[in-house]
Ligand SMILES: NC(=O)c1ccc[n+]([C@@H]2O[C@H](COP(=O)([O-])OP(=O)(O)OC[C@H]3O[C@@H](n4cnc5c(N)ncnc54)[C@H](OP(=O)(O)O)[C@@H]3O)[C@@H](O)[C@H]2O)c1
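The chain below stands alone and is given in structure tokens; this is the form predicted alone.
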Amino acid sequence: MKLGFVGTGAISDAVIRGVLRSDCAVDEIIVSRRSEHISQKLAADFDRVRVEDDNQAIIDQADVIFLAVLPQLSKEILSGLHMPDDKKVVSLIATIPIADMKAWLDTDARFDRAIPLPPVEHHSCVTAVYPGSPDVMALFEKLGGAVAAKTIDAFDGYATGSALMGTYFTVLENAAQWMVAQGSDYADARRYLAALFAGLSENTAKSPDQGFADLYEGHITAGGLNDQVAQTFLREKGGAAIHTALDEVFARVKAASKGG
């Protein structure tokens, strides 16, 4: 099987590295030259990666085509290409509806949309896919797991949920700076908090039958320090702030999709 990538940015890089470090039956991956520093590094690191200057040549030679151009450039780039109906297409382009891409490419090819995040390189992130074709799901299962969204709203909900990454790092940075103010070295505080949250993540992954509320009960003592911080967070409207932020991001995603 040959994979083709139209657009070679950071996410394409992570997916390609994840695929080539898995047992996926891939003979060759053809990537567009842009972004050149990424495509050249991939070709230098892996014998199965080949750089191609012509996006149409990538489509013609590959069995599965990943579309990974910037949303604001997608119409301009895709409208100049033709996608044969027998190709399998995976769009990594945020907000752009499948119907728009099919129209631009003048095709009735089978499409899936996916939201892989950088940790797929290390097979440590679950990827949301819509509508979830079996072979596309199987590929992302090898990169850390996959969930199939049953509706486009559910898919956009996963995209919105992924926007919590910045909040995660913001929480850790604020906690680290607070510990520094109490006399900790920043590097030590960072190491401590990173290990703490990594351990919690591992416990969560190993307990798939437990909801987050159940895990909360298993990790705190009622009236204890952990409970106090969590209740203060809720008292200070932290939970409401998360809901408001996600509502606003979801609305932005939906508006961008309509504008696509």
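All of these numbers come straight from a predicted model, not from anything done at the bench. Just count from 1 along the sequence shown to find any residue number.
Beyond the structure shown, there is the form predicted together with the ligand, which is absent from this document and is the topic of what follows.
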> Is the gap between residue 69 and the ligand in the predicted complex 4.5 Å or less for some heavy atom pair?
Replying inline: yes
>> How about residue 92 - does it come within 4.5 Å of the ligand in the predicted complex, if we only consider non-hydrogen atoms?
In response: yes
> According to a 4.5 angstroms non-hydrogen atom cut-off, is residue 149 in contact with the ligand in the predicted complex?
Replying inline: no
> With the cut-off set at 4.5 Å between non-hydrogen atoms, does residue 10 touch the ligand in the predicted complex?
Replying inline: yes
> With the ligand left out of view, which of 101, 189, 117, 137 would have a heavy atom within 4.5 Å of it in the predicted complex?
Replying inline: 117
> Of the residues 77, 126, 105, 175, which one places a heavy atom within 4.5 Å of the ligand in the predicted complex?
Replying inline: 77
> So which stretch, 226-234, 34-42, 190-198, 203-211, is the one near the ligand in the predicted complex (non-hydrogen atoms, 4.5 Å)?
Replying inline: 34-42
> What residues of 172-206, in sequence order, lie within 4.5 Å of the ligand in the predicted complex by heavy atom?
Replying inline: none
